[in-house]
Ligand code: C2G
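Before any questions on binding or motion, here is one chain by itself as structure tokens, the form predicted on its own.
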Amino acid sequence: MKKQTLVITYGTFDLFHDGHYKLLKRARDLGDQLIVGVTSEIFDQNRGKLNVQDELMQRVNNVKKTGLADKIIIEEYEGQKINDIIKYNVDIFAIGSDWKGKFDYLKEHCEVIYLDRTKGISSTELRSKKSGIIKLGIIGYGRIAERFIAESKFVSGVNIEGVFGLNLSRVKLFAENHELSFHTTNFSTFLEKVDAVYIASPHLTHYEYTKKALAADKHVLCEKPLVLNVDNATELYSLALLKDRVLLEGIKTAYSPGFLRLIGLAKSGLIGTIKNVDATFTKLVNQNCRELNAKEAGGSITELASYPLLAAIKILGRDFENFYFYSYFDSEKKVDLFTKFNLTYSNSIFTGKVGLGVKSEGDLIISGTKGYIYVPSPWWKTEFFEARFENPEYNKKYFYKFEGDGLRYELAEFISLINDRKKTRANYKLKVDDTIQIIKIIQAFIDKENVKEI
């Protein structure tokens, strides 16, 4: 008797929708029998999957109701796929094409097929759910937009529908590469097709795009800096409140678990009264890149200062008394290649360093009257920190996983706030006043207030 062809596939299958059904149907059509692995909550957490809304048994039952699965198993640990393929003598491993190349290592054990994903997954049934899939569109098609697409796979409750940009050939290529349902250079058309937008375009475009999106009743997640002017920021947040829409600035560190634990520990009194914070973020960039273009608001402060300033605001507060900048400018490009800046408080001081043309150690040090906390580079991807004391016997290390590029954290927070508008008003991770204070300092630098060239 001829051996039956056995196919296996895996997924979270959260908020089960037509895209899930079609993928299972394509997988089932590849062979005679289909095994479906549904990921457990613990496995999802360990692999960085955020914001899963349906419980495990509900997700299993939704797969069972399709009638496409001959067997359903639970995926509980890294490496289980190989063990399952061997255990069940699987012939074909099938998975969505958005994971293309990720599972090539399984070719040693069976055939690997990447199935075309379903473009556009909204449906009447899905929309009737309390928390359906958010249709999100991307503004921009550069490096961070590319990373955002990859990170979005790890956030439940959202689907990247399409992309808007001014260059038709580039937006078309971006949409094709990422299998998006649409691309357009018409902003009105773009807004009609989505519930929310992610802005990954150059700094000087943020204000206009955010204002138009909010006016059209769309939620907005905008990369940092949100804008470069306090009046513009205040106007946008007022409009978001009027429209009852979520407006969130994408400083990924603010939403990451390690940084949140770090702030809690620092303010707990463990190291005594905090008297000083030092934070550094530098990277060397191509001399012809946008980040060093003065006409596009380039420079070390506009590009990087949001991160050190986040640490200052979250640890020492918003009520600083004075600020000073010391900058090394490129005489031809007219942008700062390195800036050291101080915020002075009534009883403490903050020192930040940012650079696009000068390299330094990217660590964070929080100094208190009883000890200090050291966060090694890159501190903005907070995974490890240590509380250190005069007697090293009392030192303690802390470890928290920072998944991927970190963009999944800001996206997960964004989707969570959309689904629960009450949380928007009480959002503590990055408050409106935090963002406005950060923008105030950046604007002061742009206006050459208290700036000394070195």
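One rule holds for the numbers: they count along the sequence shown, beginning at 1. Predicted, not measured: the structure shown is a model, and the values here were computed from it.
Note that the form predicted in complex with the ligand isn't included here; everything after this is about it.
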I'd like to know if Phe43 sits close to the ligand in the predicted bound form, meaning any non-hydrogen atom pair within 4.5 angstroms.
yes
Is Lys396 part of the interface with the ligand in the predicted bound form - any heavy atom within 4.5 Å?
no
Is there a heavy atom of Lys64 no more than 4.5 Å from a heavy atom of the ligand in the predicted bound form?
no
Would Thr12 count as touching the ligand in the predicted bound form under a 4.5 Å heavy atom rule?
yes
Among Leu23, Thr39 and Gly96, does every residue place a heavy atom within 4.5 Å of the ligand in the predicted bound form?
yes
Partner-free chain; cross-checking the ligand in the predicted bound form, the single residue of Thr184, Asn159, Thr280, Thr302 with a heavy atom within 4.5 Å is Asn159
Of the residues Tyr237, Phe103, Tyr207, Tyr88, which one places a heavy atom within 4.5 Å of the ligand in the predicted bound form?
Phe103
Candidate stretches 401-409, 388-396, 44-52, 64-72 - the one whose heavy atoms come within 4.5 Å of the ligand in the predicted bound form:
44-52
Within 220-242, which residues have a heavy atom closer than or equal to 4.5 Å from the ligand in the predicted bound form?
none
